[in-house]
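Single chain ahead, written as structure tokens, the form predicted alone.
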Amino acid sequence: MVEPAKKHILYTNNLGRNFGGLTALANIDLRIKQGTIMGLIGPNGAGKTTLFNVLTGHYPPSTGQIYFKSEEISNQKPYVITSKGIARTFQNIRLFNQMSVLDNVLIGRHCRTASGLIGALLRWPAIKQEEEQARKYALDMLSFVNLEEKKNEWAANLAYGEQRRLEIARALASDPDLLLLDEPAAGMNPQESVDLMTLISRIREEMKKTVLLIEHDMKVVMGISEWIAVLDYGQMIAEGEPHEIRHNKEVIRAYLGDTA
């Protein structure tokens, strides 16, 4: 077994996932360097979201190991992985539409609070202080994504691009060390995509987070990623800097076919 390198915040060893007789992922050795923005690309059905689901505990791996901050986290539950410092967004927006924007972010902060049901009912001073701190943190996250003025609106009433940013704010509320973004630019217009690139760069630079993103918008992924990994049919076919991936023959073939 290969031990995780100290410079890598997340590392997988021979990671695989099967669904019955179908191999969705095979022999994935993913290395995410701490403090970087890494892109994960590949054609539809390549296994990108499945990899996210395995990394975050929604699917257990069929083979291999996952290390996070030098600790093996294979087969752990999603809430445990979140508490250890990994947060994610989803390809299809998953907000609580009939709750306020602020309450959506407060839900993301829940894993960093200690109060249980009894404490919440009895309203002990320490619990009230914790709630106030959680609210302040949530408001800070809304300010970071430029949504603080809409904190009292229902999530359902936000524009599409704002909902995307709200989902990012909710993920950030758990104070993760590693943020996984699943197609954050999907459905965005060109200006929204540019704004998203700026936001992701600020997450890395100002909040000191490591970011792994799945993205089909090549302008986005090539514009902000320092390192890119490419999946095809559940296998890693290439890794490298954006300029290397852009001219990689295997990557071009995966996207455009053998005639390319």
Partner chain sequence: MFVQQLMNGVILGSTYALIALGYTMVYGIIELINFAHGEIYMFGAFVGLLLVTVLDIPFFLAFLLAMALGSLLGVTVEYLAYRPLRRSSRLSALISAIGASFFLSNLALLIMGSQPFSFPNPFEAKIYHTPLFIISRVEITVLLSSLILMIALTFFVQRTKIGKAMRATAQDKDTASLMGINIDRIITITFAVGSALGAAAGVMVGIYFRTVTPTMGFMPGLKGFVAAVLGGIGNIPGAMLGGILLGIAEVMGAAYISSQYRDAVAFALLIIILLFKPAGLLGRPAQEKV
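Remember, predicted model here, so these are calculated numbers, not experimental data. Numbering follows the first chain given and starts at 1.
Omitted here: the form predicted together with its partner chain. The next part is about that form.
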query	finding
Site test, F19, R88 and R94 vs its partner chain in the predicted bound form, non-hydrogen atom cutoff 4.5 Å	yes
Close approach of Q235 to its partner chain in the predicted bound form, 4.5 Å, heavy atom	no
Any non-hydrogen atom of Y59 within 4.5 angstroms of its partner chain in the predicted bound form	yes
Contact flag, N53 vs its partner chain in the predicted bound form, heavy atom cut 4.5 Å	yes
